[in-house]
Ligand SMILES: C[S@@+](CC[C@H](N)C(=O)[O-])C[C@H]1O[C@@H](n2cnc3c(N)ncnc32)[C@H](O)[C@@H]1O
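For reference, the chain that follows is the form predicted on its own, supplied as structure tokens.
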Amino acid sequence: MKLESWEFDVLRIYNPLRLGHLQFWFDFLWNKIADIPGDVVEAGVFQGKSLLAAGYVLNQVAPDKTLFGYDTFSGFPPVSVPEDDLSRFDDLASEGRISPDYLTRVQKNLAHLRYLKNIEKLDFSTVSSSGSFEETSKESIESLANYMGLSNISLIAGPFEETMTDTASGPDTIAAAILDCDLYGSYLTSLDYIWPRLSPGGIIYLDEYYSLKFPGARIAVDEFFEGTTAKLEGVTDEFNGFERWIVSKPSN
């Protein structure tokens, strides 16, 4: 199925044909993914809006690749860890790991969310505009994938620590991955699974490395790559001017 730009809006999925907040990720899929060995991973699927769009792009440019989508499809875990507490943004600022401007944006965003949600104290489960991510289902995403003629999508449901293991069904080699899983533990588990399988020249798009809501993602990334030769790189975002970050696997 070949779609015109307006059809993505009707189907209520991300539009990979126009400028948006995932500009770099989709540019990479359109222009580079076909030349890198391996499949593609999305960690944190929610309602599948970006996953289905990525499946569409892969179907056009690299139909031999499978897109693996990992999610619990049941929302956030019931407990959090200290790294996900919103107060950690203040710690990151005091340690010089985020800029004063970044912290100001965090504070403004949290103030807006407290007003909109009429909640005095936000936490990891209430800070997102999508709530606790429970309004999703594996079946509804698979149904839309089938309607779009996308046979290249494999959804894997369950906690990451159970589904992202050496014994689980998943890709042996990964060309690129996008992490949109918000929390400290989810990021660590995803990176531990993806990085050893990532092909040289492949990238991991770190959706929450610059987040106004989830400090644990940055903390996990910094911890995981500390002392390694991996290179974190800021990339252009013409959509809203936010920082966007990737980590790439060196060719040698």
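Remember, it's a predicted structure, so these values are computed and weren't measured experimentally. Throughout, we count residues from 1 along the sequence that is shown.
Not on display, but discussed next: the form predicted together with the named molecule.
With a 4.5 Å cutoff on heavy atoms, Glu83 does not count as touching the named molecule in the predicted complex; it lies far away.
Among residues of the shown chain, Lys49 is one whose heavy atoms approach the named molecule to within 4.5 Å in the predicted complex. In the predicted complex, the named molecule sits within 4.5 Å of a heavy atom belonging to Thr72. Although the partner is absent here, Cys181 is a contact residue: one of its heavy atoms lies within 4.5 angstroms of the named molecule in the predicted complex. You can rule out all but one of 160-168, 104-112, 87-95, 146-154: in the predicted complex, only 160-168 has residues with a heavy atom within 4.5 Å of the named molecule. Here is the short version: of Leu67, Ile204, Ala220, Val45, the single residue with a heavy atom within 4.5 Å of the named molecule in the predicted complex is Val45. Scanning 214-251 for heavy atoms within 4.5 Å of the named molecule in the predicted complex gives no residues at all.
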